[in-house]
Ligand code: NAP
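What follows is one chain in structure tokens, specifically the form predicted on its own.
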């Protein structure tokens, strides 16, 4: 189930939030530690104002909550509210209040016994969950994963704790987001969501229900994803998940913040991941783990798509073909064309090779001359530093911006302010947040034909979709941006 966490200051605010998101969830949690003092007396009326089961929670500050009153008063508020028709109550594991437990049993309120481990993931995680469950309550453990190795421990809980039918295991923070989306693969019976930032990494009801369809995941669901560091800027889930839904393909596409490629391949086995996209900085790091790679992966030395094929991982470079699908209509085999590529990193690598394999002369401009020289040597291109960019104004048919300069939160950055446009250039920007970078705006003002970063992302994403599913991206399906 998806559970909507309500954190309004008043009962009225919580009701408005509930009915706004009612279609996305099957359960609600009323966080009375967020209520203003004068609203506390209204808590027991809440369950009768909604049409879903409600969890009663009053979280202490030491466990990440907002409760500012004394422990004695907190327990008294819970005691008073229990008779209001709540389906569940969340009580911390160190609370020894027989009178509260007795009151819960009297009113048929199920107890969720929770433990918050906010500094990491304990190695004895399974033992802690089992100990909580031994009391006959629903165990809930909240942890703060710091690595992919921690995620492996969390996702193995489904198998290791299969005898505990009803449990909740949540990873908070950026590293924990996959546990919220793939909550069923941790063995959890629910995942929390909210429109406010209740805890780090919590997603909105719409995204969990409509974008990821997390509540539809079952044993047959194919898991795909994107790995990177950072990764949550990626809009790839907004391309692939709508595509899966449109062709009725039982699959989900999840972002994974990765600290170790080697560890992620281990996680991929635990979760039986069928394929994943690769973004910065791992497009070369994945190469040693591939059983085979396409021709483009071999000569670019860059892989942005990994697919499971029988017992092997296959590497593909859809950046290369995605770019060609946009640029090739402007290629002229009868003329000598020139391209300027700004940058010499992984993104630039595929672009330079795409031009060179079409016989187009390439000039690589980069802040670091050494990196530009290395890529130029590998691709038989020319190179120079960005400090000399003014020398190349007006000589290129194509200009591609392949550096992070201009990306949020620094949209004012221009990677090549000395490079001027004449209006005849076809200009590609690889950054897609913001859509119109300062660099692209200058090109547009000069009258150039421009392509946004999102254009390339969608082009290569559709090719990835075909690699993942074996089907073309549905023509009537629009990514959700």
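Numbering follows the first chain given and starts at 1. Since this is a predicted model, take the numbers as computed values, not measurements.
Another form exists, predicted in complex with this ligand; not displayed. Remarks below refer to it.
Subject >> Output flag, 368, 386 and 413 jointly within 4.5 Å of this ligand in the predicted complex, heavy atom basis >> reply: Yes: each residue has a heavy atom within 4.5 Å of the partner.
Subject >> this ligand contact in the predicted complex: residue 347, any heavy atom under 4.5 Å >> reply: It does: once this ligand is placed as it appears in the predicted complex, residue 347 has a heavy atom within 4.5 Å of it.
Original post:
With a 4.5 Å heavy atom cut-off, would you call residue 431 a contact of this ligand in the predicted complex?
Top reply: Residue-level check for residue 431: yes, a contact with this ligand.
Original post:
Could you tell me if residue 246 has a non-hydrogen atom within 4.5 Å of this ligand in the predicted complex?
Top reply: No, residue 246 stays farther than 4.5 Å from this ligand in the predicted complex.
**OP:** Please run the contact check for residue 171 against this ligand in the predicted complex: heavy atoms, 4.5 angstroms, yes or no?
**Re:** Residue 171 lies outside the contact set for this ligand.
Original post:
If you check 67, 40, 54, 456 against this ligand in the predicted complex, which one has a heavy atom within 4.5 Å?
Top reply: Selected residue: 456.
**OP:** Name the single residue among 84, 122, 242, 404 that comes within 4.5 Å of this ligand in the predicted complex, judging by heavy atoms.
**Re:** Exactly one residue meets the criterion: 404.
Original post:
Picking from 204 to 212, 220 to 228, 144 to 152, 337 to 345, which part of the chain touches this ligand in the predicted complex when contact means heavy atoms within 4.5 Å?
Top reply: Looking at the other structure, the answer is 337 to 345.
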